[in-house]
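Here we start with a single chain on its own, the form predicted on its own, put down as structure tokens.
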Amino acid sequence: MENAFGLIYTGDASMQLRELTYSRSVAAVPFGGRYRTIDFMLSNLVNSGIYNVGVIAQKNYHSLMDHLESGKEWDLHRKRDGLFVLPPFVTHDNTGVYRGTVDAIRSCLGYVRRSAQDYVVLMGSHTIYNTTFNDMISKHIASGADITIMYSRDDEVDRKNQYDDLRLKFDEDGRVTDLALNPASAETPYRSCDAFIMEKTTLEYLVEDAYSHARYDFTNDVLVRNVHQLDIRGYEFTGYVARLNSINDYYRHNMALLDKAVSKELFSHDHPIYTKIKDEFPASYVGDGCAVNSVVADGCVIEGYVKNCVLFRGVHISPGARVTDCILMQGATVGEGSVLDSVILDKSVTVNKGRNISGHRTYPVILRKGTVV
């Protein structure tokens, strides 16, 4: 994989994820007790032998940069290549505010041209899965295609929470004949995993051509518009895919980690998921503290009752508190005697003594970062 590099567009605040992206980009959204969504993209690239990775930042990227630092945890702090964070900057041609993915990629074409590799793996940041790209790149080169899209089978169409739902249709030779973005009723179950492989010269041409015609969205203005002019192929991924397209999806996929089969697949020993290391003491169970069928990260102190929950680092559950079907992020505190059901607490949220907060598994209550109740 010495002839490929990665390019990740981290996006800006997502309306679909509401309070979770109020002060952070989608790529920095916490997931699974210890991780951020970008950890999966970076780990997939590194596990493929790709060590030149550019991360295109847009808005609210301070949390993301704090998490990535030098890229040491992903073995990307290197003399040659490594991790490159590409924040927006103001020039005569660039206002510093991207109008879409095409505009964002164009602002970083200098990095693309300087990269010694010939092929680029272009990725978004709201789709989580565990894979390597070696076989996909090999098949892309062998096919002679312009673009290869990784896809998975997804028969469901959630029109209420539909976001970036790109559907692929193939002919008998495996070439993509049609692309539909956010269709009202999908004609095909094949859905993009937001990962695209192409030659970097192809990416340069497509981005410059779209920009010169005032077209700024890569999916709509490049892929969908040119599906009949380009040779686009698909590569099927058959593993577990978590698409964080809404608060409901975020809640559902975190809760899915309580299923050992899902957790084992997403956090495979063969392809580890790396993240920023924090040296904290192991989770501590004090007095009558108990956790049932839960993901509990290091640094947690549990003095109450926890069931079917995902607890991030440093969560404190006080005596007499009952927490069920919840996601509690780093540093959250639940006071004595409080009862939480189907609630998402963002980082450093404090629930005082005797509070009762209840949502539903199909519509969880979410409290913004730093809230005190």
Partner chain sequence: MRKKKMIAMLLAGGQGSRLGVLTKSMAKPAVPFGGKYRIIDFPLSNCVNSDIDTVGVLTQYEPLALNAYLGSGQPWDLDRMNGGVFVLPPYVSGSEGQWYSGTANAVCQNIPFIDQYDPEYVLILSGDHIYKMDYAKMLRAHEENGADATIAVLTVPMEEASRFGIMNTDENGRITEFEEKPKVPKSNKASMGIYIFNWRILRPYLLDDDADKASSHDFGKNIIPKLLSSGAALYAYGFEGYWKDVGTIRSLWEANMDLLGAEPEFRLADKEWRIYSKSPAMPPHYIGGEAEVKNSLVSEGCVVYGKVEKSVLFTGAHIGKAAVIRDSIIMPNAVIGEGATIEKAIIGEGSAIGANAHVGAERLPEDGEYNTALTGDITLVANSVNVPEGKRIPVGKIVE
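No experiment lies behind these values; they were computed from the predicted model shown. Residue numbers count along the first chain shown, from 1.
We do not show the form predicted together with the partner chain, though everything after this point is about it.
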query = Wondering, does K278 line up within 4.5 Å of the partner chain in the model of the complex on heavy atoms?
reply = yes
request  = Consider R34 of the chain shown here, and say whether it contacts the partner chain in the model of the complex, taking contact as heavy atoms within 4.5 Å.
outcome  = yes
key: in the model of the complex, S294 touching the partner chain (heavy atom, 4.5 Å)   = yes
ask   = Can D298 be called a contact residue for the partner chain in the model of the complex at 4.5 Å between heavy atoms?
value = yes
note = TL;DR on 216-224, 183-191, 279-287, 112-120: the one with heavy atoms within 4.5 Å of the partner chain in the model of the complex is 279-287
query = Among F84, Y211, F170, F267, which has at least one heavy atom within 4.5 Å of the partner chain in the model of the complex?
reply = F267
Interface residue in the model of the complex among C108, I247, L258, I141, criterion: non-hydrogen atom within 4.5 angstroms of the partner chain = L258
